[in-house]
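Form predicted alone, single chain, as structure tokens, below.
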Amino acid sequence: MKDFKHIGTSTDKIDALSLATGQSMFVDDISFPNMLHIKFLYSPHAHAIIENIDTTLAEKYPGVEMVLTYKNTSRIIHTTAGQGWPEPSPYDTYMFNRKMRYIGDRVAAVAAETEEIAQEALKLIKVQYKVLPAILDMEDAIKDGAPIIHDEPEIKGAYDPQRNLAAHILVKVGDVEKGFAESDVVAEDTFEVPYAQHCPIEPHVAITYLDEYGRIVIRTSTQVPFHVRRIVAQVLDIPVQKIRVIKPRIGGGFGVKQEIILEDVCAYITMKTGKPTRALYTREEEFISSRTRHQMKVNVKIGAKKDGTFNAVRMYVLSNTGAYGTHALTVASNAGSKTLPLYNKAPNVEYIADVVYTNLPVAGAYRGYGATQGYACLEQVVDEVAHKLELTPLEIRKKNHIKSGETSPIFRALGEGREGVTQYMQSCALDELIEKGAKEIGWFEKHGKRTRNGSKVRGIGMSIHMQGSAIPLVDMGAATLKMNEDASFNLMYGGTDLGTGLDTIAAQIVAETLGIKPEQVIVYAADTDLTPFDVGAYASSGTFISGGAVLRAAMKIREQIFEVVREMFGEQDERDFALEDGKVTSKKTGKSVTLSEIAYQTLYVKNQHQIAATGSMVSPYSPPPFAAHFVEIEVDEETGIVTPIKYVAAVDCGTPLNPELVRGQIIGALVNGLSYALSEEYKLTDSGRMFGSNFMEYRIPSTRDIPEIVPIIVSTYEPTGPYGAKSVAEININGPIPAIGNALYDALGVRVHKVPYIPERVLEIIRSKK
């Protein structure tokens, strides 16, 4: 890593003290007189037509202001996915609709003086449904004669609605059948990963009100404020200029807040009534009516030569988008585009994906964004190839993984819903990650040993991964900086800190570039009126895109400062200037001037002007971070309980701009992934209703469930990233399923083909083996 002063240091989060003392303002920390509260009525049927709906009694209930249904709202088809323009997700959603497509679909909304009144009024709405046959299994969705879920003529952008196909992908490189025929060994397997909920601490919440000019202000817990503004304007059929979106501190997102779910209804009621309006999901509503991870069944077939070199790789993905196709195409694209380039030695590659509509909860963006599901299968089949060739899992991966200076044809062939962009690796430390991770876990002493203690047997497994840093030539962010008299700087940028520390990283980038301290940077983020555009926090774009924009703005400021100093010093070559510790010094003459003196001069004395600049960042590159994961587990053969003992994640995220925040991201994603691997699962009735929509029955880990976790950061320098940085937010959720799956095989000699690895499922496999 290069010699930096503020980059690479674990500066305290700029919001740490305010968060710890309860001073930070979240969405629901404000209230207005006469504020209306919204509650929703949801469909009790997985597939049905509303034949009649009577809201008369509800509208007359004391304290009720308004009841919304499909009868009195605009019928504008759109997608709720907060993605770039043009949107890759199909237009298949209305604010309210007559047709219900899953248990949890929105039937009506009541706006009342209190939540309790709204809740009581919901009970007075009378609805007659015509129940339709439902599709509750993704494989049933594409069978001949299956009920058509989206049979309305207005649907746009879905691949084949008549066959319930929201999206279809086919990418071929070389000839995979010929490649398999010419391989010495072939391994093939199928794994299924389930629905899962993001479980942010703060559920979806939005508050809307009119400002003094009659514009709608939307204060919302979102990852994508600018997409909220655009989509709400679209749904309400009003100009973008009529809307202002503010993102205060928010309590996590993990992808579920890349959706526009409450904002349109809140804004519509405020527009119609002129009153402030609030909607807040309960935890149960988060489970049944927000968004989930895409359930997928993934098949991978790999052909390899005797020396272990891959000759052909084929991946088939069947993905369940649920009732609506939000992120359907792009998540399925990522299941291939973020996994297959990792093994670039295979000249023959094929990727096929079918994304189907079902009458089940709606899937959407979720950390890992398809790569999690792809790696769940790919990395276990890689182990199976190694087993057939009598190579170690370490050897076969070292032989086949992509390296610095290399590329993969998949980068161009498979983008995010469209053709991608050719990428050459400029930083990759995978070999070092594998070596350091193996040493830390004790691989050579433990792998293949199956040590036993009574009914408990231990195993060890590993997997490797890559992800990306934003979507090349799609994601864009911008930042504006202006200089003050005391050498402080106001930073206004569109990036969205979800609690990850992006605002702190942005301040560190400014401080490093302008030779000041991070605390001299006043950060104001994500207000569509005040800050420049940014696509938002998703696709691992925060540090790379938003941070890159901040760096570009700071570089422009640096140039403006030097322009003033040239005149003050009578020197022209800025290479003779040193900008550090709040002053500019001439290395030739020893003259120096503080930034504060420069600010006073430009604001008050001579050639008066504001030192300010805006930088924008869009990149043709999406440099992948890399990771090697290792886990030691203990399996009780009498109960099927799988207990992770130690987890090691060796990670290359380029320059770790703030190592402590990087460690936090690694551990957070690992715990997220361990939970998905071991306990999280939607339990659905035969009618498609989720039961156990609470944290008592939907299990996520507490601190006592978390094993020893050892993050290992290996620094590289990524020349396309701000100060050499790549992303780190998503990649580490991808490891636990395949690493534990491989550890289960090491311990038991069997594969568990369905996740999560819950005791009854593991026990069934153990007993079938016996």
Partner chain sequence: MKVRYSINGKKKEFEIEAGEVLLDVLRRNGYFEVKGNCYMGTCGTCTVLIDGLPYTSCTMLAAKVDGSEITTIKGIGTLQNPHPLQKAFVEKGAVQCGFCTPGTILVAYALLKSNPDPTDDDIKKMLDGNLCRCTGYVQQIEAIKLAAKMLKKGDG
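This structure is a prediction, so every number in the text was calculated from the model and none was measured. Numbering follows the first chain given and starts at 1.
One more form of this protein exists, namely the form predicted in complex with its partner chain; it is left out here, but the text below deals with it.
J.: Between Thr309, Gln426, Ser675, Thr585, only one gets a heavy atom within 4.5 angstroms of its partner chain in the predicted bound form; which residue is that?
T.: Exactly one residue meets the criterion: Ser675.
J.: Identify which of Pro472, Gly252, Pro532, Gly84 has a heavy atom within 4.5 Å of its partner chain in the predicted bound form; exactly one of them does.
T.: It is Gly252 that has a heavy atom within 4.5 Å of the partner.
J.: Can you work out whether Phe26 and its partner chain are in contact in the predicted bound form, taking contact to mean some heavy atom pair no more than 4.5 Å apart?
T.: Result yes; Phe26 sits at the interface with its partner chain in the predicted bound form.
J.: Give a yes or no for Ile49: in the predicted bound form, does one of its heavy atoms lie within 4.5 Å of a heavy atom belonging to its partner chain?
T.: No, Ile49 is distant from the partner.
J.: Verify the contact flag for Arg283: yes if a non-hydrogen atom of it lies within 4.5 Å of a non-hydrogen atom of its partner chain in the predicted bound form, no if not.
T.: It does: once its partner chain is placed as it appears in the predicted bound form, Arg283 has a heavy atom within 4.5 Å of it.
J.: State yes or no: in the predicted bound form, is some non-hydrogen atom of His198 no more than 4.5 angstroms from a non-hydrogen atom of its partner chain?
T.: It does: once its partner chain is placed as it appears in the predicted bound form, His198 has a heavy atom within 4.5 Å of it.
J.: Looking at its partner chain in the predicted bound form, do all three of Ala16, Arg663 and Ile700 come within 4.5 Å of it through at least one heavy atom?
T.: Spot residues vs its partner chain: full contact, yes.
J.: From the candidate stretches 230-238, 243-251, 517-525, 329-337, select the single one in contact with its partner chain in the predicted bound form, where contact means a heavy atom within 4.5 Å.
T.: Going through the listed ranges, the match is 243-251.
J.: Within 4.5 Å of its partner chain in the predicted bound form, which residues of 692-716 have a heavy atom? Give them in sequence order, or say none.
T.: Stretch hits, in order: Asn694, Phe695, Met696, Ile700, Pro701, Ser702, Thr703, Arg704, Ile706, Ile709.
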